[in-house]
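As a starting point, one isolated chain is supplied in structure tokens, in the form predicted on its own.
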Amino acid sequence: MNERTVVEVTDLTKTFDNGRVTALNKVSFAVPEGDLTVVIGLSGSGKSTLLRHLNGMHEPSGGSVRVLDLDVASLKGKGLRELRREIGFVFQSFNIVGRVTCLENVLSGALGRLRGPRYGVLSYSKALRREALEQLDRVGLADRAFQRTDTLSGGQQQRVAIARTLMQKPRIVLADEPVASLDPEISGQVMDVLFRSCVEDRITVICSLHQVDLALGWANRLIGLRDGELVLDTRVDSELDQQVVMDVYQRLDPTGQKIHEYRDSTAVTS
């Protein structure tokens, strides 16, 4: 069966400060439906900038980005809003409303499917409330449905954020460093939720990470960025040499020679 391509990036270039700073330089890759693709690289390598091009938060300085067969940069207004309903975004900082319950946070993920505002859990239909409870159960938090979200641990809050994103019924989920502030055990739980959404719902997940071990443990595919350039694009299998992955994190001098090597394969930070 031919895999359907849902994201196609071609020679993507992004500059800032009137062209003096290059964040991405002619990056090209394609992502098939249902994959969990992890983007790795040092801080400042262009990971977040790349993700923000996929839902139209940034416009390319050059090249193109096609998502779900649409040229993202050409979309405005209603067209861009319709695409963004198909794309969920999970942030490092959770971006949830702490003073309301977990259930209401998850229900807010359905707002793109509804007309008009909603105030409080009871303003949503019984069917949507049931669906939100199912999403909380899916991330292991059904028993916290009526608890204020700001009373939860960081890992629990991130799982609420993922449940809210899944409530959106997206075809693609972008996750920008979703486990950066979490300990290894909780990080694994969060990555498991994202992985199961690929397998069970055929959702395509594109996730940026620092932790090489997590990337190797959960990804179908790795994209490596260094100084805004694509330096790795590979499927993950038992024959993948971990040193090939770690080479993404080499710092180079202006002549292209390595000047620093990271040896901690559990987490790489700058």
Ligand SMILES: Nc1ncnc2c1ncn2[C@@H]1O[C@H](COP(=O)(O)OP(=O)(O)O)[C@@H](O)[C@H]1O
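Numbers for residues come from their place in the sequence shown, where the first is 1. Predicted model only: the values in this text are computed from it and were never measured.
The same protein also exists as the form predicted in complex with the ligand; that form is not shown, yet it is the one meant from here on.
When contacts are judged by a 4.5 Å heavy atom cut-off, residue 48 counts as touching the ligand in the predicted complex. In the predicted complex, residue 42 approaches the ligand with a heavy atom inside 4.5 Å. Proximity of residue 9 to the ligand in the predicted complex: non-hydrogen atoms within 4.5 Å are absent; the residue sits far from the partner. For residue 248, no non-hydrogen atom is located within 4.5 Å of the ligand in the predicted complex, even though that partner is not displayed. With the ligand left out of view, the stretch that reaches within 4.5 Å of it through heavy atoms in the predicted complex is, among 235-243, 197-205, 27-35, 48-56, 48-56. In the predicted complex, 16, 17, 21, 23 are the residues of 12-32 with at least one heavy atom within 4.5 Å of the ligand, listed from first to last.
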